[in-house]
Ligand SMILES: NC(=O)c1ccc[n+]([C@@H]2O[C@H](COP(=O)([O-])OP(=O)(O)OC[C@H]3O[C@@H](n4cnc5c(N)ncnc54)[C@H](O)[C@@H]3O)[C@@H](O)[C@H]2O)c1
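Only one chain is given next, in structure tokens, and it is the form predicted on its own.
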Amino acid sequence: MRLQGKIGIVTGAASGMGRAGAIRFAKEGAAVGVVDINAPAVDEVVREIKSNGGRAKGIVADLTKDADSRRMVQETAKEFGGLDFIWNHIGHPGPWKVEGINMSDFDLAVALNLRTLVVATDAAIPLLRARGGGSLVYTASTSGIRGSLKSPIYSMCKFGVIGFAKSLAKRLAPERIRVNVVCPGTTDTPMLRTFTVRPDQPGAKGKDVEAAVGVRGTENPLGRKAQPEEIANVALFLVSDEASYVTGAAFSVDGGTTA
């Protein structure tokens, strides 16, 4: 198994890509802290992992709160005896518009796309050092590589995730702590629906969301949406020892969208 003996955390793990990652990591031998604000969904993921012989701890957390971002790291390390990796997957689409922007919406987007990553990383680094190294993986987006028509605030944050990771990769490389980014494209998740038909966007009312998602899914060279497991596969590689010479990289997993 590719993660045998490893201890890790996945945020945003109750649905979509995060859920797929938590389940896959556990199947590969990792003990996983399953973190999300949705308590029933966290419990469901943990039950699935344990029913298949894996190890998991559910942690219900509001990652807009610094204390919760630190607590998830501390609780996972205490439960399993250390920490080897985090997949910081949590994210938020942010407001559609800039003119007349609600700054509370802006603050929420920054908290979930950037601030929690910084706080969790701060808490994790000493634990990774204690294990002789490890892996930090962040989720950005193709919107962190090119501008997003649907959300300039989201795009701003995801560009920031990539810049943060690349800088941190240089700083932590001597300590064998690798830092990388996954940049998903159109992936079949709940957030895809939000992005495709923004509730705060003119003309959204009454629009057929699933039909719009179906069209959007064909707008890349491979001509289809990704499944959450396909993104999780890349994150699995990055947290594993197979990626021992990979740091400071941002991987586009987008069906060729940014080619």
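Start at 1 and count along the sequence shown; that's the residue number. As the structure is a prediction and not an experimental result, all values here were calculated from the model.
What comes next is about the form predicted together with the ligand, which does not appear here.
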Looking at 127-135, 162-170, 145-153, 179-187, which lies within 4.5 angstroms of the ligand in the model of the complex, counting heavy atoms? 179-187
Please pick, from 219, 62, 28, 43, the one residue with any non-hydrogen atom lying within 4.5 angstroms of the ligand in the model of the complex. 62
Quick one: 17, 89 and 158 and the ligand in the model of the complex, is every residue within 4.5 Å by at least one heavy atom? yes
Residue-level question: is residue 233 within 4.5 Å of the ligand in the model of the complex, judged on heavy atoms? no
Report yes if any heavy atom of residue 38 sits within 4.5 Å of a heavy atom of the ligand in the model of the complex; otherwise report no. yes
Using the partner position in the model of the complex, report whether residue 112 sits within 4.5 Å of the ligand, counting heavy atoms only. yes
Flag residue 76 as yes or no: does it have a non-hydrogen atom within 4.5 angstroms of any non-hydrogen atom of the ligand in the model of the complex? no
Residue by residue through 122-159, tell me which have a non-hydrogen atom within 4.5 angstroms of the ligand in the model of the complex. 139, 140, 141, 154, 158
